[in-house]
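First, one chain by itself in structure tokens, the form predicted alone.
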């Protein structure tokens, strides 16, 4: 079942009196439960594409259709609701709040949504082997533990789509592989994952891999 479709997407920025074309006629179809990896060097446009899918930026031309909705025709309230309830986000830096325990951090999306119960957050910590870390603060966790906690947090509100922007950029190879395996497992559970990275190790864990260079997207066979 198709969950996301990008049609003829273009993004242009004005810079020093000139128009800089960052995305050039991007087309992409993503099925439910796929782990999609977009690989490309810094400045290739992959993070811009992810931000447009997340409704954090708007395209110059083209459409992003998510679960049948044209995202950039929605009002801001509807966009915020979709981000909170349908999408989860993982970034290069874990973004855990230093004054809250790991459990409180993982449960934060639920609190923002007006729910206080933490049973689901505890289940997620257990699923990622972090249950013994629940009451620890981020400063006492390893880089890998913090990033897996960030993945658990992204799953707290039961999203259908995870967007990950260079989530392993600060990890060593062994910790990177753990995160890639986590994403592959999530996809097998029916959660769609789109990850942008420059790490070629990710390719072997993905259902589909796309190369992004100079604002264009090409599937790698």
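Numbering follows the first chain given and starts at 1. All values derive from a computational prediction rather than experimental measurement.
The form predicted together with a small molecule is left out here; the points below concern that form.
Only one of 63 to 71, 153 to 161, 173 to 181, 35 to 43 gets a heavy atom within 4.5 Å of the small molecule in the model of the complex; which is it?
Partner-contacting stretch among the options: 35 to 43.
Residue-level question: is residue 200 within 4.5 Å of the small molecule in the model of the complex, judged on heavy atoms?
No - in the model of the complex, heavy atoms of residue 200 and the small molecule never come within 4.5 Å of each other.
So, residue 168 and the small molecule: in the model of the complex, are they within 4.5 Å at any heavy atom pair?
Output for residue 168 is no: heavy atoms all beyond 4.5 Å of the small molecule.
Would you classify residue 22 as touching the small molecule in the model of the complex, given a 4.5 Å non-hydrogen atom cut-off?
Contact check for residue 22: yes, within 4.5 Å of the small molecule in the model of the complex.
Does residue 48 reach the small molecule in the model of the complex if we count a contact as any heavy atom within 4.5 Å?
Yes, residue 48 lies within 4.5 Å of the small molecule in the model of the complex.
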